[in-house]
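Here we start with a single chain on its own, the form predicted alone, put down as structure tokens.
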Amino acid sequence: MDERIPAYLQERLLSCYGQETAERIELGYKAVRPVTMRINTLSADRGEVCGELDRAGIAWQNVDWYEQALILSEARENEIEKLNVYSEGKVYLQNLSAMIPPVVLNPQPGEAVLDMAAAPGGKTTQIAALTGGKAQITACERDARRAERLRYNLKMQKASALVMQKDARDLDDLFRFDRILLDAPCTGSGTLELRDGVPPRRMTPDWVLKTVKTQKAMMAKAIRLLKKGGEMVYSTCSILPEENEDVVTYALKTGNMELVPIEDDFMHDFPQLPVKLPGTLLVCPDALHEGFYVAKLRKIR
């Protein structure tokens, strides 16, 4: 495999997926993905956004599984940043894989929704848009700079949320939410880029173990904060099972949670890697998508 892939990650990919699939993942790491973006329905509609793209001579393509997503195969981000729809917060530049968790969460107007690791705000603002701005969103971010970026993006997107500059693990257990998005801190093993000018990644067994410990602690907190009958989505931009299925299995073993299978028709839209938990989605990095894991859970008691 490419020597720019950290040795430990090479070892894990070969162990988890075998040589052929590991090489497929490597091709995804080397891909140069097109610009993709999400239409912010809180302040614009498809007609307005696509009309401005047309007038600017920027070609766009639809995304079958999500009406508000667009692929701009021949554009660069700096071209999009010059458009009014960008400066006015009517679009949000975002990888397609990162749009999946809020869609799977399926938040509804009037619900109390928690985004446990919210910055920079792509998924928080998407949740707001999916609910027409009518959900009560709490967005946690412990880092001051990232929290400020989150507030900025919420303002730009005209999205309303209570931003708490706090580690979600420290939230009072008296809080209760109808839905929770836990897009957990991870190693980013699905987002490696093997291109000129991109600095090499570092990955060690100790770092992975530390990351998994954090993920399980956040999962345990999410279970306590979720209402009975409430649903949560657990997601990462990792493709390592210890950060994904193993954390979901940990949640299921508490006896408080059940897996809500993601619909087959939806999953067929993505390049997939094999999973041990049927009904969960592991997106293989490719020419359009970053590597990403998504699972949905429901609290049963």
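Bear in mind that the values here come from a model prediction, so they are computed numbers and not experimental data. One rule holds for the numbers: they count along the sequence shown, beginning at 1.
What comes next is about the form predicted together with a small molecule, which is not displayed.
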Heavy atom within 4.5 Å of the small molecule in the predicted bound form - residue from Leu226, Met116, Ile100, Leu192: Met116
Candidate from Glu79, Asp167, Glu88, Glu148 lying within 4.5 Å of the small molecule in the predicted bound form - any heavy atom: Asp167
Heavy atom contact within 4.5 Å of the small molecule in the predicted bound form, the stretch among 69-77, 106-114, 202-210, 179-187: 179-187
Exercise: Arg142 in contact with the small molecule in the predicted bound form, heavy atom 4.5 Å: yes
Partner proximity in the predicted bound form: Met218 to the small molecule, non-hydrogen atom cutoff 4.5 Å: yes
Residue contact check: Gly230 to the small molecule in the predicted bound form, 4.5 Å heavy atom: no
Exercise: Pro120 in contact with the small molecule in the predicted bound form, heavy atom 4.5 Å: yes
